[in-house]
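You are given structure tokens for the same protein chain in two forms, set apart as structure 1 and structure 2.
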Structure 1
Amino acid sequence: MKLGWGPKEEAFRAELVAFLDEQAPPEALVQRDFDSIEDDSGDIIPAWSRKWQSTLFDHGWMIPAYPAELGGRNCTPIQTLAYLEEMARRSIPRSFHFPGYAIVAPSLLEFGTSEQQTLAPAAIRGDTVWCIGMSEPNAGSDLAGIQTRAAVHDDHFVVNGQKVWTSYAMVAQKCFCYVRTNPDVPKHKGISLLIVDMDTPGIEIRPLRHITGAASFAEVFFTDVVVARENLVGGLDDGWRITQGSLAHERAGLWVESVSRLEYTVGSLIALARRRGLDRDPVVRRRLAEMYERAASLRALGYKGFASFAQGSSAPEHSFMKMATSELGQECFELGVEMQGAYGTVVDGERSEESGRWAHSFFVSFASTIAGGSSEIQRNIIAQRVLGLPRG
């Protein structure tokens, strides 16, 4: 057991710091509460961030664990941790669209044909924007219940159906699309994964405004969309395995960003309490300390999980991180809103704390306990897969 970093990691970190000092654009240095799906320009993927992502890739700083041709530098897991910490400490985003580098590329590298694997570099560099077509009107948490049909022909599929909540659909070139290829078997066994070009005839995209008013996700309709056979990822009817797929490096590192954002938020809550004259209020003090306690203990839990991950064993600790950080984040923003009394809901830039950031981020945070497996689904997973309890 050892606190801090060894000389190897420090040297690695110094190299990163030098790169960031030299190359990071000013827009990347703005502190953010969440992987904000919008920036001030209102673009889903602002131009500066596209450029920044490709710069990271070209210098081997996009996914450092990968080899150079995939935007990395073959670094060790512990160096990856040092990298993620430094990025998070400075609140520097790698990308404004995570599906490509975090989900699509690792899945293609693990399950794709050699032809399909050639799509990975552009996905990681951000040159290709990907969206993930999982959720449907009748299949959310129960993902295996998807009904979008792909009729199987000799050399192609014909897709009919609808996806919903598809983030980035309106800006994406490609979709990682889960479809039903066999309706006659138990639902987990008839799902396949297709790569679908978003400009294929028969695809209609209807943007959906989300709760803060911005449009970052969409409904996607498929009418007789023809997809070539070679766009099948993994085996026919074997798509479920990929949804459970090995996103090891991203999974193992995502918590660093979540925890760092939490700590940043707790820090801003303390500053807010001071500005509102509540820093001597015993109730507020205890609540702030509790938030700090929970965030700090989650960081320690993340480290502990990383230790087993780096040694090659699975890390049950990470199952807790998504649920715990998202719920604590919501509570932090709620407290920030609450501390402002009558002004808590004011988003008028001139009349509110930090341009209405607290109410805005509170609303944005609602998504965090729903998307990507709701908190209830996370608890089910912990109970059944980590604790070994029987399915209900």
Structure 2
Amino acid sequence: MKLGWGPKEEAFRAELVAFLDEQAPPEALVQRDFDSIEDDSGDIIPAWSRKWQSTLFDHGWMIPAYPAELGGRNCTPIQTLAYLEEMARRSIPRSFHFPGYAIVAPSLLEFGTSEQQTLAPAAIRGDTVWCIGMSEPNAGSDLAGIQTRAAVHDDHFVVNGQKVWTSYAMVAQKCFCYVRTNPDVPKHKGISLLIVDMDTPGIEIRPLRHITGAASFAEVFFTDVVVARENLVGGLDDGWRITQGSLAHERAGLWVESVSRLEYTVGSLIALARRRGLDRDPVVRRRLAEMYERAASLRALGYKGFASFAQGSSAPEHSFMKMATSELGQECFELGVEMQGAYGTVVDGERSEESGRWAHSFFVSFASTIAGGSSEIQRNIIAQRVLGLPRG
């Protein structure tokens, strides 16, 4: 069985294709194993990607389901899926700083005041760079365990604490910061969400470097940081409800990119097997077939979850999708290393396949099983909230 689009969706897709053929910059057309967030200049948000994001917004292609003033064209959920699949098929990124358009903007539009909602267009267009203050040294994937405190006063909050693994903190103008405002209630119920200007006195940012030397995230320290009361998003102590909406927004469409990237990786593995004469090896063939089948199954599961989300229902499939795509990707890159034998870990362009792509991607893949919620936490969520299993 092969799924296809109807006439309206095909016309919509043809309009998108014409726009991409005319407007997409060469830098956006590079196939990637992961979302690259640093170019040769060392910028974590390259200048070309900023311009491309604003171009998408101005032509109504940044978030097509939104109205024109929010970078869209009021398209249907099915058209949104067609858009996501075409962008993923071509491996064209919308942005290299996703928090603004994927988490902050939809959360502000759903939970923010009318004044806070005016921040959404700049977040989507990329004019304002946001970071998300969630993870802490003792509260990574377990957001409910955060300890950063915000003392509540009549017209302001005073924030003290530390965040870590905060992507884009070094270049962000604003932070969506989750803080504990009530330590005397169950931990899920004492969390609030604040909009914090990153140039506020008392904020210290310390970049954290990858083993590659790049620094895309940082530690952020808050010492007596004063935040105005009007920067509270939603109700006091109601931050947990917003986190669920924020993460749902983040994952609702990310699975399309993840699955498309998986399918590209499996195709590359097949090409690698042929180049190395392993395409007739029964063990290699069986493993490749299994990976192909799993990727196809994940796409089908993604369609199911998207259908539920588009109809206003929850999509528990997306928690599984995040875990399954990252772990299958890791298996794929490991197989790529194994198929090269002794040269699997060599990154010399003359002696290794694709300049060490498979070894590099294998090591980077470990981050994918942690970022956005580790696989261990995802398994707990699936067990308790999807399958209804009791806590151990």
Partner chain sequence: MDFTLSEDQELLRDTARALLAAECTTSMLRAHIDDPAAADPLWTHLREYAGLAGGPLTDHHLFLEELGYVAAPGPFFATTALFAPLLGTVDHELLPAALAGEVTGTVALAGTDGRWRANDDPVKTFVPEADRVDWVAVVSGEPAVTLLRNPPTRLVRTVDTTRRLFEVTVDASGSGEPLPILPEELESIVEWATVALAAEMVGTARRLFDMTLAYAKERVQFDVPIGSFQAVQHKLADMALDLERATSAVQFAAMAHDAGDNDRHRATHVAKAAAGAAATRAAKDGIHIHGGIGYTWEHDLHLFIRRAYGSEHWLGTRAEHHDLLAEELLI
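This one's a predicted model, so the numbers in the text were calculated from it and none came from an experiment. So that the term is clear: the rigid core is the largest set of C-alpha atoms that superpose within 1.5 Å between two forms. By convention here, residues take numbers in order along the sequence of structure 1, the first being 1.
- Here, the chain labelled structure 1 is taken from the form predicted together with the partner chain.
- Fitting the two forms on the rigid core leaves the C-alpha of P26 displaced by under 2 angstroms between structures 1 and 2.
- In this overlay on the rigid core, H156 has a C-alpha that sits less than 2 Å away from its partner position between structures 1 and 2.
- Comparing the forms between structures 1 and 2 on their rigid core, the Cα displacement of R89 stays under 2 Å.
- Aligning the rigid core leaves the CA of D348 displaced by 2.8 Å between structures 1 and 2.
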